[in-house]
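A single chain comes next, written as structure tokens; it is the form predicted alone.
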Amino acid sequence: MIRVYVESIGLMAPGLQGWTDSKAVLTGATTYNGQALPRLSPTYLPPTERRRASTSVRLAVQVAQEALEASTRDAADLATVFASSDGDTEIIHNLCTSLATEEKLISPTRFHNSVHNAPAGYWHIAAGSPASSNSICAWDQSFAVGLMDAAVQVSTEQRSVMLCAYDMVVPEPLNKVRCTSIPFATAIILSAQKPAQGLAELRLSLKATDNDVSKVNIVELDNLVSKNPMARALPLLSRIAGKDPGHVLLQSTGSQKLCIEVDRP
């Protein structure tokens, strides 16, 4: 079992714009209203990089910036794990469209943004950070795998790690084979030592079990899980927002499930 502490969280999705404003929705104290996201322009990126960044990069950096600003960490020293099940589907669509034309002209900027670790690259360049960074893809289980990867690093290296998990809408015609219909992103900063103003203590382990994965008790939020793989984080985020001890079970790879015991920090 691995023990880590949640120091801060960033969150961005329709009707869940920012961790602080979303806590009441996640606990059911406020009714969910799934209004669309505005165009994101994270100030953490320098103006030139902000203009070059794709929608997916801006989404990832937005939640990472929120988590960082709510923590006591220096971005330059913060190791990261960036997790996405689909990568930058907007860029993939644009590249495929270009390759389907007679000229087959590829935009250098789009090609630059097409690699799976582009958001991590933008973040670490902006932070001037030489800290380690993993970019993970594990299909629908990308959040659970990314969380476990980050927790293992925290435990073994005794350092703080930020998990940033994000996926954008998949455009037509790609959505015929991969239907991700809403944007969703969250960033979680994990620490080895109990922070002064932490959000939760997590105890994580992998188990082979036939027990059903956890659901969100609020129907409107639970419906988001089928619309974006990263929304599988919602049972955990809802538990943390409610501040009540409890158990969360997330599907991991193969027959394994990620068992998370959530307690007050």
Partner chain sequence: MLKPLFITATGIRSAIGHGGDETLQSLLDETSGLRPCDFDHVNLDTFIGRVDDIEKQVLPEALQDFHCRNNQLALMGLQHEALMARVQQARKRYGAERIGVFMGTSTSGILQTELAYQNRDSETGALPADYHYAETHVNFAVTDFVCRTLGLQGPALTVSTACSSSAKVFATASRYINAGLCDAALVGGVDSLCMTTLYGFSSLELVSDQPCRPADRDRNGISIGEAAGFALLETGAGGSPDAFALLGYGESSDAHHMSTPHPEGQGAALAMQAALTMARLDASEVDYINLHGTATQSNDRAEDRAVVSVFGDRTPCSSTKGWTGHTLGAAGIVEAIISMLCIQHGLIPASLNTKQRDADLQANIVLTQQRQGVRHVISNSFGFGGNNCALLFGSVAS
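Positions refer to the first chain, counted from 1. Everything numeric in this text was worked out from a predicted model, so none of it was measured.
Although not depicted, the form predicted together with its partner chain is the subject of the following passage.
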In the model of the complex, segment of 23 to 31, 201 to 209, 220 to 228, 234 to 242 with a heavy atom within 4.5 Å of its partner chain: 201 to 209
Considering non-hydrogen atoms and a 4.5 Å limit, does its partner chain approach A75 in the model of the complex? no
With the partner left out here, check for me: in the model of the complex, does some heavy atom of C259 sit within 4.5 Å of its partner chain? no
Might S107 be said to contact its partner chain in the model of the complex, defining contact as any heavy atom within 4.5 Å? yes
Contact with its partner chain in the model of the complex for Y122, defined as at least one heavy atom pair within 4.5 Å: yes or no? yes
Applying a 4.5 angstroms cut-off on non-hydrogen atoms, the residues of 245 to 265 near its partner chain in the model of the complex are T253, G254, S255, Q256
